[in-house]
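Given as structure tokens, the chain that follows is alone and in the form predicted alone.
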Amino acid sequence: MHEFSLAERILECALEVSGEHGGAAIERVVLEIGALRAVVPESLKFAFEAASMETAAEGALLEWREIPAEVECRSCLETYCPQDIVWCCPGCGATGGRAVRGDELIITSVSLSDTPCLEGAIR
């Protein structure tokens, strides 16, 4: 379950933003997660909730948008969205390729409350 390490890193970044703004409570963290990251949303949400307990992010919403995978064929250089676990170019039939999109995990925004969280709640 790599979601817990992802959640910890996301939390670390969000807490850094909170710290830069006087320790404001974190209300929402919005992500873009590539389909190739193989993240289980429920597991990520659970891990984030567990990791954020007793921090400025406790109770914060974790939202995300999935970015579809996009692959470039190494034979004919056509770019396509794979429909299966085995990447097969619809143009030439070659298998495999190079991922050009869908491997990202980006924090697009961190929303903060106007009210600072209690002292000591920022890790």
Partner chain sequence: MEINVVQKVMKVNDELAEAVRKSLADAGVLALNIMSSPGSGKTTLIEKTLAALNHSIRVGVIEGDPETSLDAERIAKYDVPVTQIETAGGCHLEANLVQRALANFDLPNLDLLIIENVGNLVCPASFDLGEAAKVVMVSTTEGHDKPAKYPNMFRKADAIILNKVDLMPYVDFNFEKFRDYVHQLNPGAPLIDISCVTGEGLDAWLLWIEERLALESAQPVS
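Residue numbers count along the first chain shown, from 1. The structure displayed is predicted, hence computed values, not measured ones.
Below, we refer to the form predicted together with the partner chain, which is not included among the displayed structures.
Participant: At 4.5 Å between heavy atoms, is C92 in contact with the partner chain in the predicted bound form?
Facilitator: Contact with the partner chain, no.
Participant: Whether H21 contacts the partner chain in the predicted bound form should be assessed with a 4.5 Å heavy atom distance threshold; does it?
Facilitator: Yes, contact at 4.5 Å.
Participant: Heavy atoms within 4.5 Å of the partner chain in the predicted bound form: does V100 have any?
Facilitator: No - in the predicted bound form, heavy atoms of V100 and the partner chain never come within 4.5 Å of each other.
Participant: So in the predicted bound form, does any heavy atom of K45 sit within 4.5 Å of the partner chain?
Facilitator: Close contact is absent here: in the predicted bound form, K45 is far from the partner chain, nothing within 4.5 Å, heavy atoms only.
Participant: Could you run down 93 to 114 and flag each residue that has a heavy atom within 4.5 Å of the partner chain in the predicted bound form?
Facilitator: The stretch touches the partner through T95, G96, D103, L105, I106, I107, T108, S109, V110, S111, L112, D114.
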